[in-house]
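In structure tokens, the next block holds one chain alone, the form predicted alone.
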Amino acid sequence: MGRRSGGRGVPIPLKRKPPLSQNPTPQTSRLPVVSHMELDENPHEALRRWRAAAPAIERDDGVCIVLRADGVEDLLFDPRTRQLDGATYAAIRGIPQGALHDLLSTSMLLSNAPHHKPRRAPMSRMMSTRAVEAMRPLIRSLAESLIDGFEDEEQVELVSRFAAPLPPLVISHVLGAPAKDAPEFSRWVYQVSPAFSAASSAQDIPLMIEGAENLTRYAQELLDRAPSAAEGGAGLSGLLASLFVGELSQAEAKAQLATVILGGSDTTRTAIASVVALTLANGCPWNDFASDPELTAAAVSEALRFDPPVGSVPRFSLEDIVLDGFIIPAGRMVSLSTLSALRDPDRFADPNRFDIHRADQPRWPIAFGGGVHRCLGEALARAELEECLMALSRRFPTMRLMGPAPRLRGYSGIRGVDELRVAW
């Protein structure tokens, strides 16, 4: 926490503020109250304005949103906060008993000790850096196969034709599932993913429930098929099932499989579109990505900082917490805004400028969270983003945006993107 590193691993001193107060003082102030509508209309501008005024804000529904990089990083590890457990989260959101409630209650994303570690461990082994690096040729091949259909077209909408279908194909391989299943389970993923965002509304619940019912049913089918696949030496699903069977109940195994399918599909779709759009819109050396993996990795890191696909990390305050004279009350949902922290001028030079040569990139960016809940798919996501950028640059050296770069929707949880039209 005391140092960060530049793009090439050079340590850079952090500009630190005094540590968070352990006890409230009479001088504490209540957080400014901000409407959901103001935040949703122009997230970056609203967060910039309020970040300068206060270390955190209170949304009009009572959720406390931490804005500054120091506060976000500290509270990721602060024992006075914890990951909001799934059952409590489901109750707060008004989600009835059933498939969606079970998924939220049992997913490693919303689990704490002692359940979190055993639920996460099997997938951590599957998503190791070594395992992911071995998958790069496959990711490259899948990206190229999707691009093959673009050759005779003058322009393409990249979200639906490239960014959306690629991650489910990769996840199919990770799980040893048939590639033909990817289009169908990706549709369920996009239905259920708003359940993990505090920005979704009660009107979304029926569709989220439908997606959860189908996605968890599919995960159970994978588990049921896994033993026979293992006996025939086919795919990773047999290995995955053997890891789960010894450590988790069938209900837990099903939820973790659904979680991996969810996490490996929706966020990466948004990130692919964002990386391509930002590099094209900001005058980056597009042609150089084709043959320069280091430059490509730097572009991916900057895109994840500038407009991350996940806008916040959820926590729950166990006691009163004081930030720079403002108090976060005990018993509140707390949203650690990575979207705001990654543009904090106390942490990044000229933070609203997209710069792939930036020297102040952190070694462990909070775009992927932090602590025991840090995203286990980080290595896989980076590999997919880098291979996609290089593949598109190789095949279409004159690619350009058709119209303005798309804006990512939302400011908390999993964010979305509508379309990205390009030509060459």
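Just so it is clear, the structure is predicted and the values come from calculations on it, not from any experiment. Numbers for residues come from their place in the sequence shown, where the first is 1.
Another form, the form predicted in complex with a small molecule, is not on view; read the next lines as being about it.
Novice: Within 4.5 angstroms, counting heavy atoms, which one of the listed stretches 109-117, 349-357, 86-94, 287-295 is next to the small molecule in the predicted bound form?
Specialist: Single hit among the candidates: 109-117.
Novice: Given the small molecule in the predicted bound form, answer whether the residues 103, 211 and 218 all have a heavy atom inside 4.5 Å of it.
Specialist: Answer is no for this spot.
Novice: Quick check on residue 363: any heavy atom within 4.5 Å of the small molecule in the predicted bound form?
Specialist: Answer no; every heavy atom of residue 363 is more than 4.5 Å from the small molecule in the predicted bound form.
Novice: Would residue 315 count as a contact of the small molecule in the predicted bound form, using a 4.5 angstroms cut-off between non-hydrogen atoms?
Specialist: Yes, residue 315 sits close enough to the small molecule in the predicted bound form that at least one of its heavy atoms falls within 4.5 Å.
Novice: Would residue 377 count as touching the small molecule in the predicted bound form under a 4.5 Å heavy atom rule?
Specialist: Taking the distances in the predicted bound form, the answer for residue 377 is yes, it comes within 4.5 Å of the small molecule.
Novice: Is residue 385 one of the residues lying within 4.5 Å of the small molecule in the predicted bound form, judged by heavy atom distances?
Specialist: Yes, residue 385 is a contact residue.
Novice: Just one of 273, 192, 304, 323 has a heavy atom within 4.5 Å of the small molecule in the predicted bound form. Which one?
Specialist: Comparing distances to the small molecule in the predicted bound form, the residue within 4.5 Å is 304.
Novice: Heavy atom within 4.5 Å of the small molecule in the predicted bound form: which of 122, 71, 168, 263 fits that? Just give me the one.
Specialist: So the residue touching the small molecule in the predicted bound form, by this definition, is 263.
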